[in-house]
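Shown below, as structure tokens, is a lone chain in the form predicted alone; questions about how it binds or moves come after it.
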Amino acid sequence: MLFEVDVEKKIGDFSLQVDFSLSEKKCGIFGPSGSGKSTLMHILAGLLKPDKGKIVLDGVPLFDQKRKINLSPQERRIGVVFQHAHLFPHMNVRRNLLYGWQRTPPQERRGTPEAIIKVLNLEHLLERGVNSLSGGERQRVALGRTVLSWPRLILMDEPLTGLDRDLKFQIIPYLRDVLEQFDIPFLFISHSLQEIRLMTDEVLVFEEGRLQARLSAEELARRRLVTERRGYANLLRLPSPEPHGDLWSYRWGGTELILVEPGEKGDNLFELGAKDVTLFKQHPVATSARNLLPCQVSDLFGGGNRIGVELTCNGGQLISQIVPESVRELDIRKGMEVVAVIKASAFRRLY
């Protein structure tokens, strides 16, 4: 995919001016409320006309003010998943799903409805009315309907906002699986750093209608260590656990981690706050923490009173957040050996 965007739009006192090109298939649009994210999405989808500029997708002009080109939303073949599902209330789940499929030329279809329905785990809902669905089920149906129209690009505008924590983390694996399995590029629009990290590789950061930065999702998270109240969060993918007394044991690289929280069989994603990773120069004589990991310092970053220490731990990587005084007292520097100490209760399972 090659997506080229150079547009301007003024709405009252707010003005949007953006100029970028994308080739990544998993890209995020990140910024606070009022930064222009949703305005940009409406422009890209053809729901709002720019004042000037051009939009080109894979060599096809979708909008060109000078050439007087402004393709309709239907002609652009860009799918949109909104914050609210917007399903057809008079249709059941099956008919909602097949709505776009039936209007897509056969030569443009890249899969079957059955395959999408299976990936999204919707088989048992097909005959249900959409008004009887939960919020998470409605979003899965909305995603399936969009995918089955086989767009060239999908725009997701805050699709997880309004869902509670459990529903949000139920939906994310479905989103990732269906978009990766069927190789559909997408722009994921959100003000949630956590969602951006879980869904995207590259991020465009917006503020006040302007593109402020373009960087990887990981680099964005590291920069936010200084500015976000929560600091940095490590994301650890762990396999099926084994019982360990009244706790649980997980393999992580060449290391065993002991956790309070049980996981599911297969892939599990856990969050570990960088502030919960305590550093020692030597192995502690005694501690209540269950995880004592020999590590090597590979980098330091951050600023002010928050310093991130990047650690390599027997094949795994962690970030510990400490204060400058600790850096000086422990003489933390690249290449030195330390012991990372983590409580079994510090890990939080996301999905």
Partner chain sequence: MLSLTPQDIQAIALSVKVATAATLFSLPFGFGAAYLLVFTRIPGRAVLEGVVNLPLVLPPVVVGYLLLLLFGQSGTFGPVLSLLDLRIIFTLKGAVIASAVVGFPLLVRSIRIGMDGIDNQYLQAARTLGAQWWDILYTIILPLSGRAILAGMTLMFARSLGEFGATIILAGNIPGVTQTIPLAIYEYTNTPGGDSMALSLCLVSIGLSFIVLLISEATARSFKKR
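Numbering follows the first chain given and starts at 1. Since we're looking at a predicted model, the values are computed, not measured.
The same protein also has a form predicted together with the partner chain, omitted here; what follows describes it.
In the model of the complex, the partner chain lies farther than 4.5 Å from every heavy atom of Tyr174. Contact check for Ile69: every heavy atom lies farther than 4.5 Å from the partner chain in the model of the complex. Looking at Met91, you'd find a heavy atom of it within 4.5 angstroms of the partner chain in the model of the complex. Under a 4.5 angstroms non-hydrogen atom cutoff, the partner chain in the model of the complex has Arg145 among its neighbouring residues. Proximity to the partner chain in the model of the complex, taken as heavy atoms within 4.5 Å, picks out 39-47 from the listed stretches 283-291, 313-321, 39-47, 60-68. Contact with the partner chain in the model of the complex, judged by any heavy atom within 4.5 Å, is made by just one of Arg109, Lys118, Arg237, His86: His86. Out of the listed residues Ala221, Leu122, Ile78, Met156, Ile78 is the one that sits within 4.5 Å of the partner chain in the model of the complex by at least one heavy atom. For the stretch 99-122, the set of residues having any non-hydrogen atom within 4.5 angstroms of the partner chain in the model of the complex comprises Tyr99, Gly100, Arg103, in sequence order.
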